[in-house]
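Next up: just one chain, as structure tokens, the form predicted on its own.
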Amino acid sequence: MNVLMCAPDFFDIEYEINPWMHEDNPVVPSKAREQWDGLRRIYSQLGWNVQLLEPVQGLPDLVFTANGGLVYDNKVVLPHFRHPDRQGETEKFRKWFENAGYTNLYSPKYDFEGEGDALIWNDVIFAGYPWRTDKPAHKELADFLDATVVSLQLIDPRFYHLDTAFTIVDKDTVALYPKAFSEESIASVHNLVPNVIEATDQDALAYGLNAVSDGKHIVVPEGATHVMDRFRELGLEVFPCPISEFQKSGGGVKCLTLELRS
């Protein structure tokens, strides 16, 4: 498994663009670095290939690489950030992909925030809206990637990206926080996925759905104990990870991780 991360050298709360962010609750840089290093060590222990994006002063959320694109079949959909505070990140991600040898890049017309709002399960892309990604962007994804896209409506602003309330677990399983979605969206997931784990309030508020799995191992924010037990029941090896400093900005394990699919 290949992933992209960005060190939290300049990570802080410099603006407020989601319900978790408060400028009067600043990041503790040493603790953020310790937590980020711990996550990177877990990935290395699992044998995952961690590639790095250079941090940039003035772009504190560049650390959340999941928002930097969607990689599928060697194609890359770049982000179109809704908030001006993050729009400078797009060119940094574009340059990284180009330097890494990706040649088929697409810039969407509509707002789209990468894996934050698009998660791949087998050959299906589950795509979230409306808080950060426009629903018409889903058609752009489907057309460019030649893929099936299933739109999921998020209804709780605390769960503003799909990856805060939805986890790809394995080829038969996803996990979600039902209170974050419309009833129609939940039904769409159940119609497609054989095994749907529904997380508790505690799991969701601990950012337990913001997790990364390779189908055998899953890395989960440490407070999501109920959903961790469900993952263990499936036979996955669970790796709890502290992410409290990043949750101050509405981020977690998945937010810090962009999957680079060949």
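From 1 onward, residues are counted along the sequence shown. Predicted model only: the values in this text are computed from it and were never measured.
Only in words, not in the display: the form predicted together with a small molecule, which the text now covers.
- Contact with the small molecule in the predicted bound form, defined as a heavy atom within 4.5 Å, is made by all three of I17, M21 and R86.
- None of the heavy atoms of L70 is located within 4.5 Å of the small molecule in the predicted bound form.
- The small molecule is not shown here, and in the predicted bound form it never comes within 4.5 Å of any heavy atom of C6.
- A residue is said to contact a partner when one of its heavy atoms sits within 4.5 Å of a partner heavy atom; G116 meets this definition for the small molecule in the predicted bound form.
- The small molecule in the predicted bound form comes within 4.5 Å of no heavy atom belonging to V220.
- Here the chain stands alone, but in the predicted bound form its contact with the small molecule, taken as any heavy atom within 4.5 Å, falls in 58-66 among 58-66, 33-41, 211-219, 197-205.
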